[in-house]
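Starting off, we have a lone chain in the form predicted on its own, written out as structure tokens.
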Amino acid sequence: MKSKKILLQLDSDRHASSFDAIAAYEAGVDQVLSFGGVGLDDLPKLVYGAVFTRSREALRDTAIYIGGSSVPLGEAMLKTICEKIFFDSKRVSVMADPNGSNTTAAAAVVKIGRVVSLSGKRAVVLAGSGPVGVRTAALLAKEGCHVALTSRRLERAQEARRLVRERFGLEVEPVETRDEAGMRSVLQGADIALGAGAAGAALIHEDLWASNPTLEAVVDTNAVPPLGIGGVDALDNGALRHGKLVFGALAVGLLKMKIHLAALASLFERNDRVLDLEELYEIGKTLE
């Protein structure tokens, strides 16, 4: 009898995400075992319970999903599981997407890369010091863009640069943007502008990007009104506005969901797959 596909959902928040659990069932998982409030000390017992209960051949039908709103803890969980808990053949496939940051960043950059040649372009990640901004900046830099990452405080932009450098081995330019003049200045000569601010945080008004003569693509990842970039409709999916190709948060979110589901399904193809930002981005590039 074929073994059931079981997903071990490890969430750092008190309550494990219902979104992530339902998405797993949508991806064809038979059983989701959800654990909330998971810390690093909890991992050995939970992971060993997953890898010691099945034969080597059946291990591909067990997988681990790491979620939660804490991205640093999610990253630490992935590292601990892969480097300190798994050993020899006692391992299962793992996907990490804390706070949805990996799949969102992957979707945003895939969208841009389909309409703009990225290598050599100047990209500005507005309000980029958060998890999505850091990962979007890293992917753009990896594709050969010169990336400026902005924050209202220079120290936060510099910290984001450190994270990009240490985690991805890439360089971005930290820029402080306290007001409209700062935003206008950083957008001068830019080919790509992407808003990665918090939900409901307005970053720039429509005139600021509409009148920019060099911008080719504009992307907003905030779907909660007021939108991050004024004049962008959340449903825009490559719409031509003011001579620029525009993507809204819901269009990015649709691809994000496709990446999420495809990645979950791929976990059960073998027992040694590790899906982090880079791997999720590669999956995104294969999807329509």
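No experiment lies behind these values; they were computed from the predicted model shown. Numbers for residues come from their place in the sequence shown, where the first is 1.
Below: the form predicted together with a further copy of the same chain, not depicted.
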| Is there a non-hydrogen atom of Ser266 within 4.5 angstroms of a non-hydrogen atom of a further copy of the same chain in the predicted bound form? | no
| request: Indicate whether a further copy of the same chain has at least one heavy atom within 4.5 Å of a heavy atom of Arg241 in the predicted bound form. | output: no
| message | Taking a further copy of the same chain as it sits in the predicted bound form, is Val38 in contact with it (heavy atom to heavy atom, 4.5 Å or less)? | response | yes
| request: Could you confirm whether Arg270 comes within 4.5 Å of a further copy of the same chain in the predicted bound form, counting heavy atoms only? | output: no
| said: a further copy of the same chain is absent from this chain, but in the predicted bound form, do Lys4, Ala23 and Gly28 each have a non-hydrogen atom within 4.5 Å of it? | reply: yes
| query | Counting only heavy atoms, which residues in 150 to 173 are within 4.5 Å of a further copy of the same chain in the predicted bound form? | reply | none
